[in-house]
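To begin, one chain is listed below as structure tokens, in the form predicted on its own.
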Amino acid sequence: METLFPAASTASTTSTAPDVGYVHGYSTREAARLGDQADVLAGLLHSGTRYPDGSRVLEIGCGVGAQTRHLVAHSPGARLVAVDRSAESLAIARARLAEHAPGAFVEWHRADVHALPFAEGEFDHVFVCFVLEHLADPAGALERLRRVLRPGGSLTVIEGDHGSVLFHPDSAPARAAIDCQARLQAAAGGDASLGRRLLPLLDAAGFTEARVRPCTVYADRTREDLRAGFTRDTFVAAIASVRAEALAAGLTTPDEWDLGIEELRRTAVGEGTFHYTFFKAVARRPER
């Protein structure tokens, strides 16, 4: 079962912060990539995340529902509220959840993290995955999320860090292609290496008891599921998706780009290896 609560007015969904675009776009292919990413990393990223029955949980930036499905699966008795500023993404999320978990109850809200339509202390827990890296003011967003948590409530946040990428065979053109994506994200106001900043961001936003742990993905020929699901279909696909934007920005040439992607794909075949680290933090709103 699911319900949708659209924003009551334009003001409730409009942020006063700079409007940062999602560098990978909103194509059908990107929606599929996000789903593949969530599925292949579910065991790693959702390990230890369980919410009690009856607790009210806010998922901010739910997008197409890639993580929502796993939240529902791991905490079926929680009262989940999923928020995104894109009506199109919310429609996809609703349809996906109805297909995979038709009995799940989720409230869907169209809203922006900088203008949330919720009362102070309304939630027991907040879950944020791959959102802060796209925001121009992640600390400000965290402050707003702290306010909607009850005193003592928890926040879980997961972010990647492109600076953690290691691969074999090493390749300067492949690294240049990754750098193009990171530069595009920075130009849009985001930070592809935000994972390493989680602890100071949480401290600055007024959270306490913050703990951060690395969640490392390593894929080689003995882990074909990760080579296909993460290296090829998640990471390389994400970099490849910004080709047009990288060329338009003058960051590379067609030949340089195509060579970089070709060599990046070599890390997912034969003796190729690939390493990436996500960072998962859990913190609390102070009791007072």
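Keep in mind that what you see is a predicted model, and the values were worked out from it rather than measured. Note that residue numbering begins at 1 and tracks the sequence as displayed.
Heads up, the form predicted in complex with a further copy of the same chain isn't pictured, but that's what we're talking about next.
a further copy of the same chain in the predicted bound form comes within 4.5 Å of no heavy atom belonging to residue 76. Shown alone here, residue 105 lies farther than 4.5 Å from a further copy of the same chain in the predicted bound form, counting heavy atoms only. Proximity of residue 124 to a further copy of the same chain in the predicted bound form: non-hydrogen atoms within 4.5 Å are absent; the residue sits far from the partner.
Residue contact with a further copy of the same chain in the predicted bound form: residue 95 places no heavy atom within 4.5 Å of it. For the residues 178, 212, 116, 139, the 4.5 Å heavy atom test against a further copy of the same chain in the predicted bound form is passed only by 212. Comment: a further copy of the same chain is not present in this chain, but in the predicted bound form one of 256, 220, 245, 233 has a heavy atom within 4.5 Å of it, namely 220.
For the candidate spot formed by 40, 70 and 156, no residue has a non-hydrogen atom within 4.5 angstroms of a further copy of the same chain in the predicted bound form.
Note that among 139-147, 126-134, 166-174, 179-187, the stretch whose heavy atoms approach a further copy of the same chain to within 4.5 Å in the predicted bound form is 166-174.
The partner is not shown here, but in the predicted bound form the stretch 191-216 reaches within 4.5 angstroms of a further copy of the same chain through a heavy atom at 196, 197, 199, 200, 203, 210, 211, 212, 214, 216.
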